[in-house]
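This document starts with one chain, in the form predicted alone, laid out as structure tokens.
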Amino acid sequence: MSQSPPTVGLVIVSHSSDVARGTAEMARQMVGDEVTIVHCGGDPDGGLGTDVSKIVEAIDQAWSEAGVAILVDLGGAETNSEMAVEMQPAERQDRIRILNAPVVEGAVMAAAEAAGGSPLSAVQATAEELMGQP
């Protein structure tokens, strides 16, 4: 039996651990286990916020040779995700994208596209269509 090619992994980053977990669970319910979906949220003390080290860990868990798409909820999540990407090995950085898409809808659309075996560029384009991006 041949092994299927790797699919793009997803990381959901929210200021709320509940929002991140719920979004990841919803996307999983839509596409099943075909796509690795990892979530992280909350600050190190368990309050609202994001944590660069948690994001780095989530990227590592979602890593695939096909790449990783990151969905974020607010500006701080985006800034910390950018720092987490910069902390990745150089050979990974060009295969990680922070998507400009609404978190929940973008996660579902990205997961569905990734489940179909699409490349990172198509996963990004599909999610970003929700924001009217080219």
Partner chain sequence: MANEQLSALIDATNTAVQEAKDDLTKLDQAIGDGDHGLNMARGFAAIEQDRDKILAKPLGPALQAAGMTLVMKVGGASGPLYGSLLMAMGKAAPEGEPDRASLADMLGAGVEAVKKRGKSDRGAKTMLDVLIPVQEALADGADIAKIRQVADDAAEATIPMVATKGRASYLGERSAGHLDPGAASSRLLLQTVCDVIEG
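Residue numbers count along the first chain shown, from 1. No experiment lies behind these values; they were computed from the predicted model shown.
One more form of this protein, predicted in complex with the partner chain, exists but is not displayed; see below.
Taken together, 32, 36 and 62 are entirely out of contact with the partner chain in the model of the complex: none brings a heavy atom within 4.5 Å. Residue contact check for residue 86: one or more of its heavy atoms lie within 4.5 Å of the partner chain in the model of the complex.
With a 4.5 Å cutoff on heavy atoms, residue 79 counts as touching the partner chain in the model of the complex. Interface residue remark: residue 53 is counted as part of the site for the partner chain in the model of the complex, having a heavy atom within 4.5 Å. Among heavy atoms of residue 49, some come within 4.5 Å of the partner chain in the model of the complex. You can rule out all but one of 39-47, 62-70, 23-31, 102-110: in the model of the complex, only 39-47 has residues with a heavy atom within 4.5 Å of the partner chain.
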